[in-house]
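Consider the single chain below, provided in structure tokens and representing the form predicted alone.
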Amino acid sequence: MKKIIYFLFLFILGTIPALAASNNDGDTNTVNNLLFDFVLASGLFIFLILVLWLANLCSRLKKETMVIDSNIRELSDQISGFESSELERLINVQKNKRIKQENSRRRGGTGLKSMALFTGFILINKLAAAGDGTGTPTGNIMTSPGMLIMLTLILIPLLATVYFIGVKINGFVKKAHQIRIRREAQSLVKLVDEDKDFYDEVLKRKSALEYTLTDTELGGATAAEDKKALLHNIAEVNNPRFFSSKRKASGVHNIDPNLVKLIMLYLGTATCWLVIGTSIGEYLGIKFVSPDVDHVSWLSFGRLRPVHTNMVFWGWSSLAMIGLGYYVVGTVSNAKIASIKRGYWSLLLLNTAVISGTICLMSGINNGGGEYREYTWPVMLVFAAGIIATLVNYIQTIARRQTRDIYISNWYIIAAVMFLTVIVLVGYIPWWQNGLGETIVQGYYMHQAVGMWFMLFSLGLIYYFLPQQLNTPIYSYSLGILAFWSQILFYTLIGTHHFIFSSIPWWLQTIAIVGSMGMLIPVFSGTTNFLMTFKGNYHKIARSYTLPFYLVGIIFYFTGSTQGTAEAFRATNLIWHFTDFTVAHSHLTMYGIIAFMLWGCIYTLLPRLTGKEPKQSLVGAHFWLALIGMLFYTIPLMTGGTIKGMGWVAGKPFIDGVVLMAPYWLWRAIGGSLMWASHLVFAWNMYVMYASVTEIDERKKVFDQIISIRANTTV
């Protein structure tokens, strides 16, 4: 069947050009041309198929009629293919018949036959398309109805004759095959009678085929013993398990206790900002369904929305990344952090900026209409000071590294902190922010914060934690470097694709679109690198509660980033921009990528720092609530946003879009509620990993007390 499909493909490939050449709208004999080409090509195609069939039959006939060398070695090798009943008949010297296995695959010739077949199709094209160079045959006689009838009358008996010959040869092949089987059977019977060693070999083979287990092979009087400590939870084997058992986290690592406290403070404060920030987001989602829920100015949508975005940006994501970075930078550099004290100062400055910025925004003090840039410059000056302190700490730590090379994680992390410093300076220095310059700076600031700070830093974390969790080296260091430099090249150009059809120069908009297309390079290379690292390790996902977070983050890294490229084109931007589709896209990236990656890293690292891990069922609840909630949130908004944008293009009034989005905003509220609930579960898991007393500690305390009492009693 595969070869028939292959030949049909060659037939189509060879005949389509001729049919296309004959299909000339100005030719009155177009139908006749097509019929002529089709009949001729079909006939020759069937004829060549029959010829190949005949050649195959002749080859089989030659093989079946070859003289059999009935030596002992060949016949001895044949008994391995016998069944027990056949060997029984051979032993009893009765009617013997051996079921021969499938003939070996046909050797060679396929490529040559395919080439001949394809050449025949090309000749058909030449004959059909020959003429004045326009694809029209030079004479009308060949394409006349009479010629078509004549060709049909010639081809039918010719094909029938070839087919009849093939049927006859096939009959000869079957008879030759039966004769060969009989000769082999007679030789085997003769060999059994004359050669005692061969007869003994047949008996051994028959005994082996009839061997069956007695079901006592693994039994014994010795009790089972787990000397290697390979079995766990033996007492729970007979209990029904609703949740699958996961692997325990790695044991406590030998890490500087001061560094552990610093990292835990970063991650703890980040978790607090996540819960508070998303609680505000949950309240905003409810306001979409019930806009008159309150009339307090401090709780208005216009003030709370920037509080929500800036709190999860600069409070949750930034602090979590920096805290994890203190572990990764020192670990891959094989060096101690340059200054723990400076790390505390950075933590204090960053949290001060978030607190003061939140109070300012809720009281109506903001930086105008710049999205994600609502903090005023004094607030961001404090934040920038904390970032600079972090950058100095990281660079000094890497400078003290004990390894010659700088691992790729540190490339990404250092570049991210450097870019954030530049982003804040460009976004807040007012010298170039007059007129359209302010809009261009806004596009740069907004997009670079996402791509060159959050994304770049998170990718650096993944390049360390993912191979570590899989116990597999990163697939390609070169792909990582390609993704790194191509992201720096293209991402810094794409900010103004949020202002397509604006007063910004057309060439600058076009550069942003081209840069957005270029972003496919780092996205494809990075995703390939991560998924190929996963290759051969997908079975580990079922036994791990951290790998699902990584995998989801990688999948949304590909889909969310590719979606950003799709949004940059003018045709799609005209529909999607300024609709809820953009809101869904931002959550798909900042939540689906950054948050999931950070959660995976946190669940990986904290058990190493504290020796405690949360209940696996609660980690699973966190994962599924977050994933399902995000899907409930983003898919309806993308659907409703697309319909609303198409309505705007069609000229429908704005209020129609508001009415249209009502049910989709309900789904937004439901999805947001699930996401918010997952954050509460995550906060509890953080508490368990940091502050709770585990059962194993209590056991150890009891055992130590008993040992101490007995030791004193003995004395």
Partner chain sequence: MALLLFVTLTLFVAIMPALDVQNNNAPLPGSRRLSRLETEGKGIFIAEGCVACHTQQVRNIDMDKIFGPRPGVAADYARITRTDVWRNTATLMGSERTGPDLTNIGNRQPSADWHLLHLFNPRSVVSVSVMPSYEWLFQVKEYPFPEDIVLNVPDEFKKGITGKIIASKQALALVAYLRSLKQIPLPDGRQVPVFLYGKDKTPVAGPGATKPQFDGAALYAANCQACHQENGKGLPGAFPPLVGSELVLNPDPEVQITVIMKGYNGLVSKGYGIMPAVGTNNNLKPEEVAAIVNHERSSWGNNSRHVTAAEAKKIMDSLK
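Numbering follows the first chain given and starts at 1. Computed from a predicted structure; not experimentally measured.
Below, we refer to the form predicted together with the partner chain, which is not included among the displayed structures.
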Checklist outcome for this item: Residue within 4.5 Å of the partner chain in the model of the complex by heavy atom, from Gln433, Thr331, Thr352, Ser339, is Gln433
Next on the checklist: Please tell me which of Leu262, Ile276, Met590, Val441 lies within 4.5 Å of the partner chain in the model of the complex, judged by heavy atoms.
Outcome noted: Val441
Checklist entry - Is Phe499 close to the partner chain in the model of the complex, meaning a heavy atom pair under 4.5 Å apart or at it? => result yes
Checklist entry - Does any heavy atom of Pro505 come within 4.5 Å of a heavy atom of the partner chain in the model of the complex? => result yes
Checklist entry - Going by a heavy atom distance of 4.5 Å, is Glu282 a contact of the partner chain in the model of the complex? => result no
Checklist entry - Does Phe419 make contact with the partner chain in the model of the complex, using a 4.5 Å heavy atom cut-off? => result yes
Next on the checklist: Quick check for you: of 359-367, 460-468, 519-527, 617-625, which stretch puts a non-hydrogen atom within 4.5 Å of the partner chain in the model of the complex?
Outcome noted: 359-367
Next on the checklist: Residue by residue through 444-473, which ones have a non-hydrogen atom no more than 4.5 angstroms from the partner chain in the model of the complex?
Outcome noted: Tyr444, Gln448, Met452
